[in-house]
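Listed next as structure tokens is one chain, alone, in the form predicted alone.
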């Protein structure tokens, strides 16, 4: 790997290359001198290796067939030489053994095949048999070089282990580690299952702007950019919420969007600045309806991807209130200390740290994130949040000072946030004004005032429930990963 990294930029003359790279380039030149194109345009009719294996699952040891298959992949191993050799070919679905025999290929073709380097991409036509040791094998009848690899693959016996290289050079991780390939295939299956569930339940997938004139829908700092032609500042969206609720106003009634959001925050095992979120909104529903749909959705996804972990996603999930969970775990009653000074004093009396610049909502979030969230291992809903933390949620119908909001937690990590949506435009306007006051007090992550959204609400929005589910975190749960960088193909990295 050190040699590869050292020569990742402009290519020096061959004489200055490390020998391992220079040797591969000499082979490239030799192929072209022989009239062989090392980078052909196509290789049609390829079957996945897994399909070939499935087709011959019943073959007995030593049994041969005349069934011919065409496969393609990366040369991963080679054993033997002379009159017979065995090679391993790997595609995204698995690995298969190849048998090369000089009496089948001829001496010249046999020599060319054995001269290829590990990492080269080959297309192979062969007939299937099962070796005496029980290994399904293709006897090579013909082969084609599909791409000459000019750099050696990662070390073959132990896979690519260096974490920094795995994240920065994900292509090497995928080449070297079958587990990485399987993980990202599982991620794709999670996303497909989410779409199937919502499509089946009558939701319509939509797309809203990524570049927005005003960010909103969450408490976060945005990334800022400039549109030259419009001569105006724009923001990468931090959420899709406000646009999706405008579609509810417009009469689409059940909508969802699955895409990227961007929040200009620090890196952590649970947060990447660019992340994938599902948001869906349902007219004539409240947060209890959304909680039921959320737990059914997650249980469906787990079933579809063959989840084998320790969590039980079967509805109904465990349920607590936010205030009750904080009181049980810290002894602090946030509902009895509704001013910052009172809450700070209650926290200090319990020996808890009180960040000097935090507002009352930020102190509540501190209690939740540090003292409650890590304890919520099994699927759990926390219901009924203070209104100060939830500027877009409808007031609780029976508990003053609270809103109808829940967050979902699995494995000590928040995966979802949901509301009965606030649809009173005058109340929403007051909430936005309260957010302005919090901003003046030093909170940089408040919801900005959005007059266009207010005007949309003034057209009339039906009773609505909505939710945001973090897809990256859901994949972490489904695969047992503890860092978001493991489940994002190209995570943000420091220089």
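Bear in mind that the values here come from a model prediction, so they are computed numbers and not experimental data. Positions refer to the first chain, counted from 1.
The following text describes the form predicted in complex with the RNA, which does not appear among the structures shown.
Candidate stretches 294-302, 281-289, 324-332, 263-271 - the one whose heavy atoms come within 4.5 Å of the RNA in the predicted complex: The contacting stretch here is 263-271.
Full three-residue contact with the RNA in the predicted complex, heavy atom 4.5 Å, for 182, 423 and 453: So, no: the whole triplet misses the RNA.
Any non-hydrogen atom of residue 84 within 4.5 angstroms of the RNA in the predicted complex: So residue 84 counts as contacting the RNA.
In the predicted complex, residue 489 touching the RNA (heavy atom, 4.5 Å): Answer no; every heavy atom of residue 489 is more than 4.5 Å from the RNA in the predicted complex.
4.5 Å heavy atom contact, residue 219 and the RNA in the predicted complex: Judged by the heavy-atom cut-off of 4.5 Å, residue 219 is in contact with the RNA in the predicted complex.
4.5 angstroms heavy atom contact with the RNA in the predicted complex for residue 307: Outside the cut-off, so no.
Residue among 317, 197, 167, 203 with a heavy atom within 4.5 Å of the RNA in the predicted complex: By the 4.5 Å heavy-atom cutoff, the listed residue in contact is 167.
Listed residue that, although the RNA is not shown, lies within 4.5 Å of it in the predicted complex (heavy atoms), from 106, 374, 80, 401: Contact check passes for 80.
Interface residues of 95-123 toward the RNA, as seen in the predicted complex [heavy atoms, 4.5 Å]: In sequence order, 97, 99, 101, 115, 117, 118 come within 4.5 Å of the partner.
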